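Below you'll find only one chain, the form predicted on its own, shown as structure tokens.
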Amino acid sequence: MEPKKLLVTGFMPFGGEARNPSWEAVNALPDRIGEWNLHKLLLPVEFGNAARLAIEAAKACRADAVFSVGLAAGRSAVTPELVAVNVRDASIADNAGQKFNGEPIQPDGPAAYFSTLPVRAMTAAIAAAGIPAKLSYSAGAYVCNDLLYTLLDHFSGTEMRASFVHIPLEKDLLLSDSIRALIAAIEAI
């Protein structure tokens, strides 16, 4: 059986930080996990543009699914996201200087989309690997949510599946544990 293709994305640094553990964790993943051949993509922390680049890359590599990773300060567990909501809201500007205050991502789009990958199984697999994990019901309203919502909206009604996972800051979870968590999550897909 031919391996499936998984586009795995992480983000550039933002908010004045020099590093972003989401990309560091993604970049450290092996090129193959279980039945998945991984294609890795570094995304800008920019509303709209991150999703556009991810959609283009998914089409170019003929991905079967998109697995996106972002950073969530204040969380102490790895959190697969169940829901993406149709709103852009930010306390800080993105890396292109854009700042939104409650505007919809898609003016005529549905209020929310559910992840189309098995986030409950992913959460259980991360926990079984001995890493703190919790299913999240909110991807926030920053670029992470914007990316997941746009991916789910764009690929709605197709075979393409997508999900998003937030990892904590390194002070709350070692990068090596975040990498192990992502491997466990991908194995559960």
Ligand code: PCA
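All of these numbers come straight from a predicted model, not from anything done at the bench. All residue numbers refer to positions in the sequence shown, first residue = 1.
The same protein also has a form predicted in complex with the ligand, omitted here; what follows describes it.
Proximity of F67, R161 and A188 to the ligand in the model of the complex is absent: no residue of the three has a non-hydrogen atom within 4.5 angstroms. When contacts are judged by a 4.5 Å heavy atom cut-off, Y142 counts as touching the ligand in the model of the complex.
The ligand in the model of the complex is not approached by V26, whose heavy atoms all lie more than 4.5 angstroms from it.
Among heavy atoms of L152, none comes within 4.5 Å of the ligand in the model of the complex. Contact between V45 and the ligand in the model of the complex is found at the 4.5 Å heavy atom cutoff. Of the candidate stretches 30-38, 58-66, 116-124, 142-150, only 142-150 contains residues with a heavy atom within 4.5 Å of the ligand in the model of the complex. If you take 147-173 and check each residue for a heavy atom within 4.5 Å of the ligand in the model of the complex, you get just H166.
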